[in-house]
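Single chain ahead, by itself, as structure tokens, in the form predicted on its own.
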Amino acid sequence: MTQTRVERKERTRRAILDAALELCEDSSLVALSLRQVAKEVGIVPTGFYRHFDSIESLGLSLVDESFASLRALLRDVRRDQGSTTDIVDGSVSILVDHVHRQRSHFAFIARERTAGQPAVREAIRHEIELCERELATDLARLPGTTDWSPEDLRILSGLIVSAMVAVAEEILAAAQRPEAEKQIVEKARTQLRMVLVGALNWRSRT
């Protein structure tokens, strides 16, 4: 079946993104060159510019696709589940599954969050902040938080998101060690339940 020009372009773009993820496995995006990526994909260096303006813009696209589906899935589980326990368990399960299915993306985020180019680090920080804002909005619907101030909701959402980022990084470090991962997941569920149980007894100074 003959591919259209748009399909060929999209396939090449996907190949560039995948090549960048693979080449960054042992280093940072900062050390990656346009020529390396082009060689890995099998295109001339100038062909790269038909898809991305620079290595930095390639990194920004990787950040965007790393977070977009995860944020959507987490929003869904928070809206579909009733109790705080269900929300915690569902969120942790989705995070673990996502780390497994998009391990290269999460490894990329974990590295670039501290060692990446400034624009890429800022994009990651912005995406994490979006996760916190969306979670704060959903937390405001839970029984016991109706009188909370926006600041307190953001503090709680920040604690939860920071914990989940740490969990994702621990799961990456525990690759090929199922028992270690099981312990990480159980600890994460317990920690998040404790945070929510304590938080729901908090009286906000509104």
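Treat the numbers as computed from the prediction; the structure is a model and nothing was measured. Quick note: we count residues from 1 along the sequence shown, nothing fancier. Under this definition, the rigid core comprises the largest set of C-alpha atoms superposing within 1.5 Å between the forms.
There is another form of the same protein, the form predicted together with another copy of the chain; it is not shown, and what comes next is about it.
- Proximity to another copy of the chain in the predicted complex holds for all of Glu25, Ala166 and Glu169, with the criterion being a heavy atom within 4.5 Å.
- The closest non-hydrogen atom of Thr12 lies beyond 4.5 Å of another copy of the chain in the predicted complex.
- Residue contact check for Ser83: none of its heavy atoms lie within 4.5 Å of another copy of the chain in the predicted complex.
- The closest heavy atom approach of Arg75 to another copy of the chain in the predicted complex falls outside 4.5 Å.
- By the criterion of a heavy atom within 4.5 Å, Glu181 is excluded from the residues contacting another copy of the chain in the predicted complex.
- The contact with another copy of the chain in the predicted complex, taken as any heavy atom within 4.5 Å, belongs to Ser162 out of Ser162, Thr146, Ser33, Thr46.
- Screening 134 to 142, 150 to 158, 62 to 70, 33 to 41 for residues having heavy atoms within 4.5 Å of another copy of the chain in the predicted complex returns a single hit, 150 to 158.
- Contacts to another copy of the chain in the predicted complex (heavy atom within 4.5 Å) from stretch 163 to 198: Ala163, Ala166, Glu169, Lys187, Thr190, Gln191, Arg193, Met194, Val195, Val197, Gly198.
- After superposition on the rigid core, displacement of the C-alpha of Thr145 between the shown form and the other one stays below 2 Å.
- Positional change of Ser162 between the shown form and the other one stays under 2 Å at the C-alpha, relative to the superposed core.
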